[in-house]
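Quick setup: one chain, the form predicted alone, written in structure tokens, and binding and motion questions come after.
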């Protein structure tokens, strides 16, 4: 059975406008036919539905880009191990997915489109199963980690240092899923805010968001000595060894992965010029500025530029971060890393592209703890 990305994309375009209804139908169908699977998911399914459709969208639109798709599916397969997903679960998931696609793309559905969906899902599921199987022999499905430091930086932001019980290999710029004892089966993603260390510790920058179960538990209710669960590191916003100078654009706790990348570059012995634009609404929210200034003082090629948007009396650079990127010379010959709230990231990338930065040089991510 051969893949036909065109037919899958054509029918998925009909489903996208009703994504919320389709995702709700998918989980309703899955749990009705396989009720034993419900216990693997969190009590509240809103974010889970969003994540499902986000992953499905990326897979569908990457079907004709096999290299990037293979990397993404491998990460998904390895990450799914922490939920207890095994090979036979993919059959139930595939049946529910096909029923959902058939229902919500009914106006264009045909036997050819159904065959295309079956072929695409079979290939994706096999890739995830193979990645999980190969990972099972060399890496745990999840790590237990002790909280060894918890520093409240602002009313709603904490910097938390964890020590996993087993070594956790990762790349600068990657993120992990975190589960607290307070909310079993509820996982949320947070970027690792440091380059790999010899003592195996990792640091997270966590903002407690309204209604955020895990973020609020980590900021308000977690203490030194507590234990959390960590999923495997994932993410592709990692530093290439291009030799180019760098621009890092951070909004809020989007600073975390960029700080890890800068630490990695400093430790590598390379000496590129690095500009780090670090934005917040008010100066009191520049929660990690003292540490960044210490990094800047020890690495002369790093320039830290705090940016404040909503404090008229601030004695420094003011404005929205995307606007500030245009106040400097061209960034076209730089590697660019952007992380923060979604709207800020999208607008910054749009401005950079408009001003001549090649898309291949731009690495972006959403500040995961702020979703």
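Keep in mind that this is a model prediction, so the values were computed, not measured. Numbering follows the first chain given and starts at 1.
Only in words, not in the display: the form predicted together with a small molecule, which the text now covers.
- Mapping the unseen interface onto this chain, residue 321 counts among the residues with a heavy atom inside 4.5 Å of the small molecule in the model of the complex.
- Although the partner is absent here, residue 252 lies within 4.5 Å of the small molecule in the model of the complex, judged by heavy atoms.
- Although the partner is absent here, residue 207 is a contact residue: one of its heavy atoms lies within 4.5 angstroms of the small molecule in the model of the complex.
- The small molecule is not shown here, but in the model of the complex it comes within 4.5 Å of a heavy atom of residue 344.
- For the three marked residues, 164, 194 and 228, no heavy atom of any sits within 4.5 Å of the small molecule in the model of the complex.
- In short, of 334-342, 59-67, 24-32, 37-45 it is 334-342 that has heavy atoms within 4.5 Å of the small molecule in the model of the complex.
- The listed set 190, 187, 143, 90 contains one residue whose heavy atoms approach the small molecule in the model of the complex to within 4.5 Å, identified as 190.
- The listed set 281, 152, 294, 244 contains one residue whose heavy atoms approach the small molecule in the model of the complex to within 4.5 Å, identified as 281.
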